[in-house]
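As structure tokens, one chain now follows by itself in the form predicted alone.
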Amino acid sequence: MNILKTLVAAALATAALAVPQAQASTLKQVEAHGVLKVGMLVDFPPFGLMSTAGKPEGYDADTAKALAKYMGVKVQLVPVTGPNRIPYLLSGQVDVLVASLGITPDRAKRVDFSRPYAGIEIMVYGKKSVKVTDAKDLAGKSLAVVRASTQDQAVTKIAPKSTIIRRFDDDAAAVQALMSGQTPLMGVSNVVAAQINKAKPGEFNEKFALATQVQGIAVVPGSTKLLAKINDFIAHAMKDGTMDKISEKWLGTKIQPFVRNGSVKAALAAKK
């Protein structure tokens, strides 16, 4: 019996060690070190990517640099992946995440989010000459989507029966259909729309939104003063045009109202 108890105790101790303990970086610690360690994705352009010089860049990188400047410290950009970004934060390998992290109820159980600083919008998009303002205007029109994507699901749900939904295997094929004139419309994210606008400036525009998701800067739960500082930065950057400049540089448009006027509470309520 004693041996069994010993084995159980050892197993529990090992399991406890295997679970990363949250290590919050305080505002005072960051200021004392003079460096803000920021985890960011580098495989999600234009929010995060590697430059030709092998350095992280993108929407998130510029946001992180602006945040560090506001805090009066240097920035250290730490590449992370989708699966390991939250573990990197909770284990103390980074102080914050500026890593295209959508604000969702599940994630809010593990991290604390700032107010939104960016967002993904799924929209109906197309030729400027095509008059479409809502779902009923899609009747009889042809529209390209990526097969089984969120755009496909959203369009299929609201489009009139007479809408011709042309499904393609990837974004490149769907974009080609739009740009070549095979279809006048497309279900697309604002990220892809920005790339189209760069390639064909002035030819296309957003018709109406299908869905939105906002992104927040994440900290370890309980990092009250650090989170307050981050929220102060975002409010200031929204007001003085910093975020608009970053958004125009990487997405081709100013900060969208659903991001500017968004909140953590609203984002979490929308996901329920």
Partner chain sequence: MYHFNFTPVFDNFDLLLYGAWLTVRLSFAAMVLGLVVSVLGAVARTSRFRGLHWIVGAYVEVIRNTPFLVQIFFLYFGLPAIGISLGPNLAALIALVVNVGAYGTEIARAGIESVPRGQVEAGRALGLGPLQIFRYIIFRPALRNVYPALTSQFIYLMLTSSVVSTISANDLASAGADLNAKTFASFEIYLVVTALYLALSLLFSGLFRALQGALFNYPASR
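Just so you know, these numbers come straight off a predicted model, no measurement behind them. Positions refer to the first chain, counted from 1.
Same protein, other form: the form predicted in complex with its partner chain, not shown, and the subject of what follows.
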(message) Can you pick out, from 73, 173, 194, 120, the residue that has a heavy atom within 4.5 Å of its partner chain in the predicted bound form?
(response) 173
(request) State the residue from 127, 107, 141, 167 whose non-hydrogen atoms include one within 4.5 Å of its partner chain in the predicted bound form. (result) 167
(message) Counting any heavy atom within 4.5 Å as contact, can you tell me which stretch out of 159 to 167, 132 to 140, 79 to 87, 110 to 118 lines its partner chain in the predicted bound form?
(response) 159 to 167
(request) Indicate whether residue 91 is a 4.5 Å heavy atom neighbour of its partner chain in the predicted bound form. (result) no
(request) Decide whether residue 199 counts as a contact residue for its partner chain in the predicted bound form under a heavy atom distance cut-off of 4.5 Å. (result) no
(request) Would you please decide whether residue 177 lies within 4.5 angstroms of its partner chain in the predicted bound form, comparing each non-hydrogen atom pair? (result) yes
(request) Taking only heavy atoms into account, state which residues of 142 to 162 are within 4.5 Å of its partner chain in the predicted bound form, ordered by sequence. (result) 147, 148
